[in-house]
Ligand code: CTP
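First comes one chain, alone, set out as structure tokens in the form predicted alone.
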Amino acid sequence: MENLILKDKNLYYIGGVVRDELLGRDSFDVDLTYQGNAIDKFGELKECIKVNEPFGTVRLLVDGKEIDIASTRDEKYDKKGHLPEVFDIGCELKRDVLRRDFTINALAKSTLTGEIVDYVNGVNDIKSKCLKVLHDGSFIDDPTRIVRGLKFAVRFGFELDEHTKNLQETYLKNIDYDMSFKRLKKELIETFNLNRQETFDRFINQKIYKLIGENEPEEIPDYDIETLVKKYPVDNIWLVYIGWHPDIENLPLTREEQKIIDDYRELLSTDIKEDNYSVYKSFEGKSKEAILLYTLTQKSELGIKYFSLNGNIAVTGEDLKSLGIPPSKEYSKCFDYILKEKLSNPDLTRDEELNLAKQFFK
């Protein structure tokens, strides 16, 4: 089956996999495009496990691996900034590549002969490390391409050509916020989860942050976020980079992501004193990403201090019961009493904690 696919004269590797090969990089995604209708060609094979009619794609199971094959197609953006409408499935390969974002991603390679098909001078742009859109309305059709350009620039050491740079600057001065914020979020996650300070610096200097919303931030962070995240790893790296934006909730946040933003804003409204106990109680229960956001936006070492504190006390409610003390609200006050001492003296033993409990209830 694999040989049958590879020997088809109308089957091509497309996009990133071709670009990465020319750059000498490993590619994690292998995109295949069939010049013609892939469903008509492969849809009846026993190896076909899924068909997506609207997009003309099929999924095959070959030697235990799932392979997606897309039909060549054209697209039009009836509603700018949103998902395009697919039409003319099975069109010529040239029309398929011309709908893409940058010339470096518009290359095809024959699976039969290995020949590179380049209608847009993408090979030379790769050699000259140049990011170039395929037409003047590219960012109007899909403003998320601006974020993708940022991602490619940092990953590969490329720069926008002058015309593309002018198109980007023009769009960012007159953004249409009736866009797919879901798609924007996806690109922002992919871009900032790379954890590169250069990405953030370009994001700010090129004013790409304006895509998130029209409200200007009161102050833009000036901090080495990359080093901060490396020292204190988190799951939602991207939110540490841009969670400070006043319009961050334009993006469709999950419950976990919303908690990070809520925690961060609560910290901003809290008067945090510098003693160990105050620091611990202020940051306790807050998401790690929120603490890092507070650290970088307030240029405060209090969040870092919190990470160094040991607030784990050994005494439990059962221990207090065993001392003959009936359960009450005083338990919580007792634990806080022990915690204050623990934060001042992290080497307190369990027996010493119990003595503190006895002292408290005297």
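Predicted, not measured: the structure shown is a model, and the values here were computed from it. All residue numbers refer to positions in the sequence shown, first residue = 1.
Note that the form predicted together with this ligand isn't included here; everything after this is about it.
- In plain terms, the part of the chain that comes close to this ligand in the predicted complex, with a heavy atom within 4.5 Å, is 148-156 out of 241-249, 260-268, 280-288, 148-156.
- Though the partner is left out of this view, Glu169 does not reach within 4.5 Å of this ligand in the predicted complex, counting heavy atoms only.
- This ligand in the predicted complex comes within 4.5 Å of a heavy atom belonging to Asp101.
- Put simply, Asp29 is close to this ligand in the predicted complex: some heavy atom of it is within 4.5 Å.
- For the chain shown alone, Asp178 is not a contact residue for this ligand in the predicted complex, no non-hydrogen atom being within 4.5 angstroms.
- Here is the short version: of Asn105, Gln206, Gln197, Asn193, the single residue with a heavy atom within 4.5 Å of this ligand in the predicted complex is Asn105.
- Looking at 13-45, the residues that come within 4.5 Å of this ligand in the predicted complex, counting any heavy atom, are Gly15, Gly16, Arg19, Asp20, Phe28, Asp29, Asp31.
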